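Quick heads-up: the structure tokens below are two forms of one chain, split into structure 1 and structure 2.
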Structure 1
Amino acid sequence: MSKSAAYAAAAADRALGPITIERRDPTPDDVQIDILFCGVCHSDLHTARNEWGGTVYPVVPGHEIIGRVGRVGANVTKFRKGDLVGVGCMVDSCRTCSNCKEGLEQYCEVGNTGTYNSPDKHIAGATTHGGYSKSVTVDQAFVLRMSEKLDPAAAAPLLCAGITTWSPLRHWKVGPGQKVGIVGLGGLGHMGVKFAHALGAKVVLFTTSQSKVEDAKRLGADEVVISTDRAQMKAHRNSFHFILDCVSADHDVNAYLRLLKRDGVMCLVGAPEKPMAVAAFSLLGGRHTLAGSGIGGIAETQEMLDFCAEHGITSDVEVIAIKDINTAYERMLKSDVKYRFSIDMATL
């Protein structure tokens, strides 16, 4: 075991602060990573404040990790010391269920091992700790290769915000000749716009804020619709092949379902706190599908990272020092960031 500096929440009502944690020494299949940057996800805040329940304290959040390989185990063939690598939302799975065998570890039937706040398979009675730390040790099967072409601070959020939006766009084969809607321009939505544009679709961004119109177009949107304007919404009835809903606040999904073409799909990646009310005729009238999507498997995540390197795609980030993480959480609640925070772990 080795010690690592980290930042943790000691309780749901406590600010995050410095802590020293233990990391396992690399097993033969492990990669030890010296962390350079870690993106800040809304899931980090939910977990730190126990808003989803089940948080084990102290908890070290962070599952958008970029770093360099410090050590490798004897069986590691994919990576060597000095490589730039990434770790996303999971660090293990059962690897034997049908989903895992298909490369869909995110849907592991036993339950994948989260990068933080999951039972640690390697340390009895312990829970995993995330990327708000100096180092992390991860099985090579769950480590991603990062391109040196990409700014590591801006690439970190690709490990969650990126793959969360990439996976449904790829699954429903978004591409040229399709009209695609992205609902919400935040950490997820801005990546959805970038990816849908790069995949060749016509991209329409839905927002409640007039102030986001120009930024959406800068990111790749062909058109921006103010969703509170009934006339603008009505003009797009029965016209979308696919809509990606990235909003986590309460909102009316029926308003968007009515915009789908026959057999169109609307996929949720945001997670509103309250259950949604879906009117039957929003689905029946056009044989519409309302779906959901989790993150992505390891192979799919690597595909996304390679695509980003080829097309020069990263997240728009504001780099912060670790001491500012509590302020960043409060700003995130106010949507006061364009569009993701990335922690410079050299400040720890």
Structure 2
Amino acid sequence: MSKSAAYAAAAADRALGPITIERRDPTPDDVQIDILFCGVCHSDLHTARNEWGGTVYPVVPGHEIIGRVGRVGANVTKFRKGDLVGVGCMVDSCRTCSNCKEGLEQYCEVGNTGTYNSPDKHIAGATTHGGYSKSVTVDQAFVLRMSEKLDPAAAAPLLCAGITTWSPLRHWKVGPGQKVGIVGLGGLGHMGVKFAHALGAKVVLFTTSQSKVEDAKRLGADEVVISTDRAQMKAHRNSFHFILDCVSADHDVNAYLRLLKRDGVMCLVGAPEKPMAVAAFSLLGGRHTLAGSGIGGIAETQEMLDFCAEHGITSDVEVIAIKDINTAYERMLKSDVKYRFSIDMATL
């Protein structure tokens, strides 16, 4: 075992602060990574504050990890010391269930091992700790190759915000000739806009923030709708093939379901704390589907990262020092993120 500096929340109502954690020595299949940057996902905040229940304290959040390989185990063939690599939301899964065999480890039937707040398979009784830390040790099967062509601070958020929006856009075959809505311009939403645009769809961004209109257009939206304006919403009725909902807080999904064309699909990736009310008539009037999607599998994540390297796509980030993480959380709650915080781990 070796010690690593980290930042943790000690309880749901406590600010994050410094802590020292133990990292395992690499097993033959492990890669030890010196972390350079870690993106700040709203899921980190939901977990730190126990909004979904089940948080084990102290919790070290962070699942948008980019760093350089420090050490590798004897069986590691995919990576060498010095390689630029990434780790997303999972660090393991059962690898034998039908979903794992299909490369959909995120839907592992016995549950994947989350990068943080999951039972640690290697240390009895311990809980996994995430990327708000100097070092992490991960099985090579869950480590991604990162391109040297992309800015590492801006590439880190691809590991969650990127794959979480990419996966449903690909699954529902978003492309040319389709009108696609993205709801909420935060970390996920701004990647959704970039990807839907890159895939050739006509993109409409829905926002509650008047101040984000010009940015949304720069990021790739063809049109921007202020979702609190009833007339603007009504003008888009029965017109969308697909809508991706990236909102982190309580909101009315029926207002968006009504905008779908016949047989249109609305997919939730946002995961608000409270259950939402769905009116039957929002669905049955146009044979609409309300769906959900969770992150993405490892192979699909690599495919997305390679697409980003080829097309020069990264996240728009504000780089912060780790000591500013609590301020960043407060700003995230006010929808004041442009459009992802990325922690420079040299500041830890």
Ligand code: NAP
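Just so we're on the same page, residue numbers count up from 1 along structure 1's sequence. By rigid core we mean the largest C-alpha set that fits within 1.5 Å across both forms. All of these numbers come straight from a predicted model, not from anything done at the bench.
> Given these two structures of one chain, say which is the form predicted alone.
It is structure 1; that copy is the form predicted alone.
> Once everything's superposed on the core, is Lys338 shifted 2 Å or more at the Cα between structures 1 and 2?
Comparing the forms between structures 1 and 2, which are aligned on their rigid core, Lys338 does not shift its C-alpha by 2 Å or more.
> Taking the rigid core as the frame of reference, how far in Å is the Cα of Arg14 displaced between structures 1 and 2?
Its C-alpha shift, to one decimal, is 2.6 Å.
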